[in-house]
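Starting off, we have a lone chain in the form predicted alone, written out as structure tokens.
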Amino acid sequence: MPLIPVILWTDALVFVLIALALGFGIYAAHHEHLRAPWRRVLRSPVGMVTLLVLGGYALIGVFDTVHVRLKLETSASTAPDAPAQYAPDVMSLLDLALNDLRTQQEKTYSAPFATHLFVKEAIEQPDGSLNRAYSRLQFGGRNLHDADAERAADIATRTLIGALKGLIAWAFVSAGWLWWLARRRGESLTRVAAEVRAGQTALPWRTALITLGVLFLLGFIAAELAASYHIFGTDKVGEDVFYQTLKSVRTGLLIGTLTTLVMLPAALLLGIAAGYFRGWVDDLIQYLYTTLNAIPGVLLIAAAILMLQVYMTNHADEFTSVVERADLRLLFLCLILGVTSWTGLCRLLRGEALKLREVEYVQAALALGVGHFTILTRHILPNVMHIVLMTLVLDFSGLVLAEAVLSYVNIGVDPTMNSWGNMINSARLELAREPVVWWSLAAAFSFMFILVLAANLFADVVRDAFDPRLRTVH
């Protein structure tokens, strides 16, 4: 085999999460009380746009989650029946797709779309003398003979070519989608296309196709330009910043999703139990999360990360690659963040359960002898799900930002792992330079801002769709 799959701890959890999401989707599709709220989410133009943007981030994260080891080339002296040897480096499908960006490394800083280094260096002249000047980049704009005269025209040409490729790909996808809609509805393709163009469909397909077109344009233009330029520049050691930014997407998504999976069971179970049963159960749970809140979360995280570092140092032989060490630290960080962040949602659910316990239908169920488990699953849980969904998405945004803060103080993810926090941490000293090296910070901030904004807007739409008190009867 040319490659063998490698499953890291976080990879396994991501696959479990995808399986759970697919299972829930199939279950919800067969139950109207779950299908109806998600239908309202899709009918919202904001919900459709943000869902596509989040889907783009998720697609990058999934490609970066499938890891493999490549087969090493065998020499002529190798026996035919010798076992295959594989490289120790663990790479993802995203690494293979972006292999040129990963391997085309310059000497040091270069600005976005630059053809020369950002700093001067000593260049030896033909007569043996040294002259300080801006050296030509090895890969950035390497196709240009006269960089100063040809760069602007080449960038414009590549932008138009990328836009044309994006429009062609978008046209094929849109045509296939319209054909599927026409076949499903039993109508002509012309009529369905006219309804979508006029915005007269039940779901905002026109908005979805426009958003998809923008994503296709940006993606193909970036791919075309990145083939010849460092579109976000390079960092101190000459690595492409655009590649680092794309690799950081998986880290941000894992911090947000895996941490919520850790915190959700404890917050949901303890919060509802405290509000519904009251008495000594409520006192015990309140004591638990009040005590945990009294301990500074940063200290807990720092202590846990330091203990993990000591363990990895003393058991270095258990890790075959740097990627596995970084992955274990990321998993441990998600667990610690989950342990320290469930108390807020627990407190909210306790207050809501205290209120719902006194409503008429719950009191009637108790009077009729309905069991506590049935009341909790049929009456309490469905009426707090809007709070759970809203809090989880907002916590997702906060956790993505928290990773940046923790990495800034060196208790976040491993320094060898690509993350927006590590990019911001490395950019803090660059801001003190003259002239300022701004592109690493700008790239990390832009991608993080778009992800957090889309998640917050999507949370608002989901909250409105799932809150029983905001539903309108048609």
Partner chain sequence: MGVYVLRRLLYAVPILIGVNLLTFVLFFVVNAPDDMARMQLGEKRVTPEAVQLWKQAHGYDKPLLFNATTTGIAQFTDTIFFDKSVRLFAFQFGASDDGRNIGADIAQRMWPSLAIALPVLIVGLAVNISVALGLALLRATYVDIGSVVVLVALLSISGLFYIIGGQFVLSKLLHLAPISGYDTGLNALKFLVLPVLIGVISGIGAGTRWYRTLFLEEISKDYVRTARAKGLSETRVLVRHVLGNALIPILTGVVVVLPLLFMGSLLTESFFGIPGLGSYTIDAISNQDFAIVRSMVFLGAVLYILGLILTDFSYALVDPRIRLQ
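Between two forms, the rigid core is the largest collection of C-alphas that superpose within 1.5 Å. Not measured: the values here are computed from a predicted model. Positions refer to the first chain, counted from 1.
Same protein, other form: the form predicted in complex with its partner chain, not shown, and the subject of what follows.
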> 34-42, 47-55, 405-413, 65-73: which one contacts its partner chain in the model of the complex at 4.5 Å, heavy atom to heavy atom?
Replying inline: 405-413
>> Check for me: heavy atom within 4.5 Å of its partner chain in the model of the complex, for each of L144, K236 and L253, yes or no.
In response: no
> Does T377 reach its partner chain in the model of the complex if we count a contact as any heavy atom within 4.5 Å?
Replying inline: no
>> Check I60 for me: does it contact its partner chain in the model of the complex (non-hydrogen atoms, 4.5 angstroms)?
In response: no
>> Even though the partner isn't displayed, in the model of the complex is Y27 close enough to its partner chain, meaning a heavy atom within 4.5 Å?
In response: no
> Hey, in the model of the complex, is Q309 touching its partner chain, heavy atoms inside 4.5 Å?
Replying inline: yes
> So which of A198, A149, A156, I295 reaches within 4.5 angstroms of its partner chain in the model of the complex, heavy atom to heavy atom?
Replying inline: I295
> Pick from W180, Y287, F373, W280: which has a non-hydrogen atom within 4.5 Å of its partner chain in the model of the complex?
Replying inline: Y287
> What are the residues of 431-462, in order along the chain, with a heavy atom within 4.5 Å of its partner chain in the model of the complex?
Replying inline: L431, A432, R433, E434, V436, L441, F445, M448, F449, V452, L453, N456, L457, D460
> Does D148 count as moved between the shown form and the other one, where moved means a C-alpha shift of 2 angstroms or more after fitting the rigid core?
Replying inline: no
> For Q286, is the C-alpha shift between the shown form and the other one 2 Å or more after core superposition?
Replying inline: yes
>> Relative to the superposed rigid core, does T313 relocate between the shown form and the other one - that is, does its Cα move 2 Å or more?
In response: yes
